[in-house]
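Just the one chain here, laid out as structure tokens, in the form predicted on its own.
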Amino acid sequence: MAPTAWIINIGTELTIGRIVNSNGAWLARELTLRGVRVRRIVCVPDDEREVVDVVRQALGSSDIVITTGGLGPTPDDRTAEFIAKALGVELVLHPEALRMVEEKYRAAGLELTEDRVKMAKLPRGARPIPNEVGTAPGIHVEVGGKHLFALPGVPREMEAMFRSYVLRVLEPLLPRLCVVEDGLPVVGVPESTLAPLLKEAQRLCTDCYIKSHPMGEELGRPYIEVKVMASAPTCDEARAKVGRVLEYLRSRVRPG
């Protein structure tokens, strides 16, 4: 049976609509392509009761829980504290996490302050996740065979830590799938003209990830990169899925 996951994106900026929850979509795609069934994507504010409740719900009904946001040095960054309360454990200073934080700031010629040390406090029993891009370590807790990962809200930090650490930990749980990605440059076609073709292409492969990336102007000099990603038990099957989508688009796209 495929493992299940909840994605919890933490931050009041998400729930008031100040920023779009791109982290939830990115993680859902990455997990789905690797055979994980994503059961929920939940946005919650920086509120103790909200976060504690949803983390407990997630751990009670899924194999994998990934949170994003709230790991930094500011007063509203309290995800580590909330996770500790959800698990019923203390928040403690972790020596390895402190070393990670200290090395980052010393390399920048900065001293450790109380707010910076705060980023090295983890729920008791947790392991720090190295952050090669930023300063705040992530958090990994294993509870009864289930995995909880807390990652930063900054997308490039979150994505790097997911690829370098989370996937390595989850590898034994994941179905053996091959992931294939390919692209198609589209010149002279506005994205609004391409949109219905992409919708039809998605029907041809419901479990493919199909995304258009505008690189030029909608009117005047349109240039779009279309990316198609698919997974399957074999690479031949995955390539065939991607190939069907790209062939359909090549046969329908007409510059004008």
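Everything quoted here is computed from the prediction, not taken from an experiment. If you superpose the two forms and keep the largest set of C-alpha atoms that fall within 1.5 Å, you have the rigid core. The first residue of the shown sequence is 1; numbering continues from there.
The next section is about a form of this same protein that is not shown, the form predicted in complex with another copy of the chain.
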query: Touches another copy of the chain in the predicted bound form: residue 40 (any heavy atom, 4.5 Å); finding: yes
query: Any non-hydrogen atom of residue 147 within 4.5 angstroms of another copy of the chain in the predicted bound form; finding: no
query: In the predicted bound form, residue 234 touching another copy of the chain (heavy atom, 4.5 Å); finding: no
query: Contact flag, residue 207 vs another copy of the chain in the predicted bound form, heavy atom cut 4.5 Å; finding: no
query: Whether 16, 74 and 214 all lie within 4.5 angstroms of another copy of the chain in the predicted bound form by heavy atom; finding: yes
query: Interface stretch in the predicted bound form with another copy of the chain - options 106-114, 159-167, 82-90, 122-130, non-hydrogen atom within 4.5 Å; finding: 106-114
query: One residue of 98, 180, 154, 141 in contact with another copy of the chain, assessed in the predicted bound form (non-hydrogen atom, 4.5 angstroms); finding: 154
query: Within 4.5 Å of another copy of the chain in the predicted bound form: residues from 163-199 (heavy atom criterion); finding: 181, 190, 191, 192, 193, 195, 196, 198, 199
query: Core-aligned C-alpha movement of residue 180 between this form and the one not shown, 2 Å or more; finding: yes
query: Is_shifted residue 56 between this form and the one not shown (CA, 2 Å cut-off, rigid core); finding: no
query: Distance trend in the predicted bound form - C-alpha atoms of residue 28 and residue 208, change of 3 Å or more; finding: farther
query: Closer or farther in the predicted bound form, the Cα atoms of residue 226 and residue 40, when the shift from this form is 3 Å or more; finding: closer
